[in-house]
Structures are given as structure tokens and as C-alpha cells.
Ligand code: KG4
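Next up: just one chain, as C-alpha cells, the form predicted alone.
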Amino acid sequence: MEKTVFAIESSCDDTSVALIKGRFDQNILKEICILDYHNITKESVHIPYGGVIPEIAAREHASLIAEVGNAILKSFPQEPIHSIAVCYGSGLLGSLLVGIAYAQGLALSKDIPLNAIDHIDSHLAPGLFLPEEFSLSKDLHQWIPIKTPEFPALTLTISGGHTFLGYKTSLDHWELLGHSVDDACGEAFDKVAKLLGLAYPGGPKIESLAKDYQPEALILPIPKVTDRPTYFSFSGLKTAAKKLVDSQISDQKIAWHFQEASFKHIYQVLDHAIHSSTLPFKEIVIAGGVAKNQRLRDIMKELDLPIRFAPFDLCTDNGIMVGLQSFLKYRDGWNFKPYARRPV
């Protein structure tokens, strides 16, 4: 049995849509084929401001989403669409509303189910379903066998807006273990990059600047949330990095030490979670935009469990992850709609 989902992601500054077909065996997803995918990033619009401006992001989505989405639909006029999947949160309110409004109109016009998809859940979906070596350049239009992790699995979603540690005992069940008590990891990278005079987005710029620095003893503290050891904190580390900037230390040295201290902090939190939990974790799944950082990948591979990352091409916000997450809802019926849940 095959089902096709049209997926929409507009939670921040990327306008992203995808058309994905899934093969099921007794309601269990076995293979997926990405029929089409369009992602338009508007980083250049936000660079002059040093970050995403919500009002500008929403207006960009409004100018793009119908054109991009309708282009995919026109390319596959004979493809039966069984569900519309749209990210409904978390994210920037105006940006989300643009995607939801387009999805609602499309679902109503075609009289097909509409599924509201959680942004944090969907970030993990590529890591739960696809092999790490999946590539958009070679694997579009191909049937890809589903490759799920062993459960229970420890999960980390780490991006510009989110740092969440949790665990899954199955594909359908996720529980929170901890999160950042202040800045998200990627947010802290952007802010330190701005201190260094680097353009937005700052994470890739810091990674590039730190890449060839000769390793040495850390001069920045590794953060720790004393009373909640499975939680994260990056605000103090950001302040410590600012003091280094003020002391005229080289930008490359600051970038390396900040990146190293951040990722050692994440390593220590995950290591504590692995060894203090009564759950016999069998694997770690890491997703989100920061998961593209090669130094993070190298450090996390030193943990005592097998580790899988979301495919490199699907770490940042994208419509494919929303579509994949919607397949998890198939067993419950594709009928949830992101309308008001109480009288206005």
C-alpha cells in the first residue's frame, strides 16, 4: 500500500515543501520515495540584521509559499495526495501562520486530511527513518528502505532555537529528559559569532574559523547545571567568550575554545544521561542544524553507545522531515487539523 504526503515547513526563515510517497506493510512504513523537494532559504535577507527578523520572515514566506507549493503540485498532476502535513510549532508565529493558512486552503480545496506536525518531533524523523548517508543529490526519486534505530534510544535535537534531550522507547513514544535553561546552543553560536564580527548565521562561520586551530587546554569553563545534570546552559559560556573578545585574544582562538567548551558540555550531559538512567539505551539519535558540525559529530562518537545522526542534508529545517513525521501519525488516522481548539 502506498500513501503520498505533501509537506510544508515554514517555522523560521526557510520556505520548504516536499512531496513524499511511503510504502506501508500492515500500517508500518517500510520505504519512502521523495518525489520532489523545494527549499528556499532567505538568509541573505536577514544578514544585515544579524539574525532572523520575524516580520520580514513572515512576509518572505507569504510571497513564496504558494508559488513553490503549486509548482510541485503542477509537476505531479496525476499523483493522488492522501494528506497535507504542516509544521504548526514551535517557531515564529507569523511564519507558522503563513504555512498553516496555505495548508488549510489546500486541504479544504482538495478535501483531504490535514496533519499538524510538531517541529521538534519532526527534526528527529530523518534520523529515525533514513540512513545517515542519505543524500538529496543522489537519493531523490529513489525508494529508500526505512532504517530505524534500536530502542530505547537517547535523542538530542540541537539547533538555533532548540536544545532538547529526550528518549524514545518506540517510534511513537518520546519523553523529555532535559533542555537548555537559557540560550539554545545554535543561538549562542550566533551571538558569539556576532561578537567576533562574523556574519549570520554564525554557527558555520565559527566552525570554519576554528577548524585549523591547534588543540590546547581549554581556557573557557565547561558549563554545568548543578541541580539538573541532564539540562544545558550556554549563556554563561557566551559571557565568558565575550570577556575573551574584550581581552584582544585572536578570533580563531576564541572560536575554537567556545566551540570546544560547548560540545564538551553536551558530551558530559549525554554521558551522565547514559550512565545514570535505568533505561538500557541502545543507540543515540542526534538531529537539528548544529548536528551538521563535524567537530560535534567527532566528539559525540566518543560516547559509549552507537550513534546515528540525521542525514547531513536534512539537519536544518526542511519539508521532508515534516512529511516523514506525518507518516508516524498514519496509524492514528490522518485527521488532526490545526484549527482553534477552544472558542475564541
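As the structure is a computational prediction, the values presented were derived from the model and not from experiment. In this text, residue numbers run from 1 along the sequence as written.
Here the subject shifts to the form predicted together with the ligand, a form of this protein not shown in this document.
Contact annotation: of the candidates Ser95, Ser122, Asn115, Ser159, the single residue with a non-hydrogen atom within 4.5 angstroms of the ligand in the predicted complex is Ser159. Think of it this way: in the predicted complex, the ligand has a heavy atom of just one of Pro145, Pro221, Pro204, Gly105 within 4.5 Å, and the residue is Pro204. If you check the ligand in the predicted complex, you find a heavy atom from every one of Gly186, Lys292 and Asp317 within 4.5 Å. Shown alone here, Gly288 lies within 4.5 Å of the ligand in the predicted complex, counting heavy atoms only. Figure note: of the listed segments 270-278, 137-145, 223-231, 195-203, the one touching the ligand in the predicted complex, with heavy atoms no more than 4.5 Å away, is 195-203.
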